[in-house]
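Just one chain follows, in the form predicted alone, and it is written as structure tokens.
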């Protein structure tokens, strides 16, 4: 099988709605992987429960390399500590394929708020905690993790509004139906540049090339509030090693494609270094992240409400 793989289209299951940051990563990488594999890569948006439904779909799929899971820190690490009955183990029930691009978050709001910078936004949040609505893709999602980091840094309590992905949440933010988000640069950056929403800070030590006019949290008044969301690709447990290696090679080729590099940079996404792209490196990194975050999340008592 490994010698002939693939002989039909490969499906990447995105656990969020179309248009969000994870969906964008999957489509950009998937299209280029398809060219390398000689087969179409289909994107399947299976949403719900902060990504757990889409991940479960892949865990239960045939381990033949034709159904893959894309996700990030939230879906493939944090959810393991938040959801008690997902029916799978994120570390042991999936085969790591490759590390995919990462990006920091942006603290953003609708244009209608009477706030001009991060300090005035934080003051507004503190004065309106009981009624300020903040969009997320659900408990444990990247946008929720960003919101938790913001709460911890500001001593506030946000009113989280869950969506099936930050794609639809962003549409409501642009329309003024919700007040704010702490969202990935790849999703929020283009809207900030287009003037559709207001950007206050990027959650990294350096400014994002995608939004060079938006200051870092250090510059804007919340020093040290760093949150970077990494992405990865997995297959069901038991997928043959040769098939995993073929998928890894296709993904690595995609990350080296000049057109893909340009598109990712435009979105403010950082590609992993070559030594981080092997199957072994991704497997070790995934386990290390679970070992790091699970005790933190459980100690914080974050649960599905």
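Not measured: the values here are computed from a predicted model. Positions refer to the first chain, counted from 1.
Unshown form predicted together with a small molecule; subsequent notes refer to it.
The shortest heavy atom separation between residue 202 and the small molecule in the model of the complex exceeds 4.5 Å. Remark: residue 232 does not count among the residues lining the small molecule in the model of the complex, judged by a heavy atom distance of 4.5 Å or less.
At a distance threshold of 4.5 angstroms between non-hydrogen atoms, residue 80 is out of contact with the small molecule in the model of the complex.
For the chain shown alone, residue 188 is not a contact residue for the small molecule in the model of the complex, no non-hydrogen atom being within 4.5 angstroms. Stretch-level contact analysis of 160 to 168, 117 to 125, 203 to 211, 83 to 91 against the small molecule in the model of the complex, using heavy atoms and a 4.5 Å limit, identifies 160 to 168.
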